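One chain is shown next in structure tokens, namely the form predicted on its own.
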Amino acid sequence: MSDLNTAMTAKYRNNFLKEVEANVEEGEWVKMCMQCGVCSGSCPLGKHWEHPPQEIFMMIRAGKRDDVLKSDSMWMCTSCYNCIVRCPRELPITHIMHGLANYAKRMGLAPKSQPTNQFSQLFWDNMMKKGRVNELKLGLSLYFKDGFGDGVKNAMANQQLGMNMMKAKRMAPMEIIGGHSLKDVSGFQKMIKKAHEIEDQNIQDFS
């Protein structure tokens, strides 16, 4: 009987499950999911998910690598933590979903048209230039991401919001010129580059 259990366990722990355990934050918890569905029922965006969390975990255990990493489901998570609070096994579901999204992006498989993915890339590119986020330029890049015409429409529709942000000193006109920056931008960029190199070296290949 022990030999049979060993064989079944080996089959259950497919390559993709091992890949997730090795490369995704808190990925070792995936195998603990008992498919109760409490996470999906607790999520305020649950009905909009293509694959709710417990289904993502089931797909990982079934070895459906591309279906998981190309899904936009992980990008739907808003970090409300309802799923973690209510999970009967206390799985760190929010962390796993963000970890899967990050891993999918590193593997070049994240859906490029997914709005949250687009925003995260625009935010990152903005922050990497000077080590601080230029909120005005970030807002403009979001407005104009689909073209000049749509950008003008978005700007006009949100002009009152822009004025309110300026009054609250959350968006200064001078930020168009340059805005705030770190004292050692070059050092900051080198640090991030080194961190990426270390991450890439630590990725375990299961192909």
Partner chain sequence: MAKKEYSFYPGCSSQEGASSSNYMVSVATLCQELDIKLNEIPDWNCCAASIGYGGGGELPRLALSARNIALSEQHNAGQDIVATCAACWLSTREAAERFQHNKTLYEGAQTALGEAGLKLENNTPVRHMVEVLIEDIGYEEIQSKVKKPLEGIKIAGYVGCQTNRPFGIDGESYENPLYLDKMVEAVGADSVPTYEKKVQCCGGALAFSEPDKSQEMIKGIIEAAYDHGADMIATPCPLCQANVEIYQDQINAKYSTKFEMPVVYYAQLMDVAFGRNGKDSALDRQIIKAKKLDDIAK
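Residue numbers count along the first chain shown, from 1. Between two forms, the rigid core is defined as the largest C-alpha subset superposing within 1.5 Å. This structure is a prediction, so every number in the text was calculated from the model and none was measured.
The next section is about a form of this same protein that is not shown, the form predicted in complex with its partner chain.
Taking the partner from elsewhere, no residue among 107, 148 and 153 has a non-hydrogen atom within 4.5 angstroms of its partner chain in the predicted bound form. At a distance threshold of 4.5 angstroms between non-hydrogen atoms, residue 142 is in contact with its partner chain in the predicted bound form. In the predicted bound form, at least one heavy atom of residue 131 sits within 4.5 Å of its partner chain. Within 4.5 Å of some heavy atom of its partner chain in the predicted bound form lies at least one heavy atom of residue 180. Put simply, residue 98 is close to its partner chain in the predicted bound form: some heavy atom of it is within 4.5 Å. Residues 95, 98, 101, 102, 105, 114, 115, 116, 119, 120, 121, 123 of 92-123 are found to place at least one heavy atom within 4.5 Å of its partner chain in the predicted bound form.
In the core-superposed comparison between the shown form and the other one, residue 122 has its Cα shifted by less than 2 Å.
Comparing the forms between the shown form and the other one on their rigid core, the Cα displacement of residue 91 reaches 2 Å or more.
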